[in-house]
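Next up: just one chain, as structure tokens, the form predicted on its own.
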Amino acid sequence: MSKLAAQPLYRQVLREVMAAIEAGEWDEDESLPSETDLAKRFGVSQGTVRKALDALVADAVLYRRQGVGTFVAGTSDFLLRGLFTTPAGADGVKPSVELLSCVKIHAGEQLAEILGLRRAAALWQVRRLLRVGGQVIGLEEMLLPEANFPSLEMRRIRELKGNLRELCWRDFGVRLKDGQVRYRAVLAGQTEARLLMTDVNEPLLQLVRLAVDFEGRPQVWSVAWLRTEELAFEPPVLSPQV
């Protein structure tokens, strides 16, 4: 392993493990070699390997199965891992996705600042509906810098069932991690009401997220609006637990 003096040793191991995952050496849900074998491979102590793997587990790139090993986590979608439940607490249901559009727009001042771009930089705007039992229960709008993802196609997004997180990883080699999810109650505007087939000023639950890459650079700004008059949203556990 080539060593960069400016980086802690465990960060170098972390980068090497990430590079191996990106190169397809270990697939989703495939176990990594033991910490002992990785320590020999990278010429470091087992403790250094463990620290690197702990950091990747915390970032949901890897997950552990007690007594079995460490595995590569999937690029699952935050909203699609969530459950929609009735107030009575019946078993939750995962939503399905209907892709609406993928168009190019230009960043306003606020979005440009959030995504670290110049004003009017080109963005991809991807919109999708969430359904449960055929009923529309959510709308999500995702914004990505066109410079980082130069060739988004509706066909490809549909192939991956609307999962932009997986597309970013598979097609562009960008592994995303979500920052804090912010929740608030809002009133439906005209666009949200039309697409969600509800009334203007109907109360909605809004979720706002900023996904960054593993260098901390902003990549995807997401805003979702959920109808919760009949179904409650139960967010997913961010790190896989088995």
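A residue's number is simply how far along the shown sequence it sits, counting from 1. Because the structure is a prediction, the values reported are computed rather than measured.
The same protein has a further form, the form predicted together with the DNA, not shown here; the description that follows concerns it.
Looking at heavy atoms inside 4.5 Å, which stretch does the DNA contact in the predicted bound form, given the options 178 to 186, 32 to 40, 198 to 206, 213 to 221?
In the other structure, the partner sits against 32 to 40.
At the 4.5 Å heavy atom threshold, is P8 in contact with the DNA in the predicted bound form?
Yes, P8 lies within 4.5 Å of the DNA in the predicted bound form.
Indicate whether the DNA has at least one heavy atom within 4.5 Å of a heavy atom of A193 in the predicted bound form.
No, no contact at 4.5 Å.
Does the 4.5 Å heavy atom contact test between G69 and the DNA in the predicted bound form come out positive?
Yes, G69 sits close enough to the DNA in the predicted bound form that at least one of its heavy atoms falls within 4.5 Å.
Residue-level contact is defined here as any heavy atom of the residue lying within 4.5 Å of the DNA in the predicted bound form; does V61 satisfy this criterion?
No, V61 sits far enough from the DNA in the predicted bound form that none of its heavy atoms falls within 4.5 Å.
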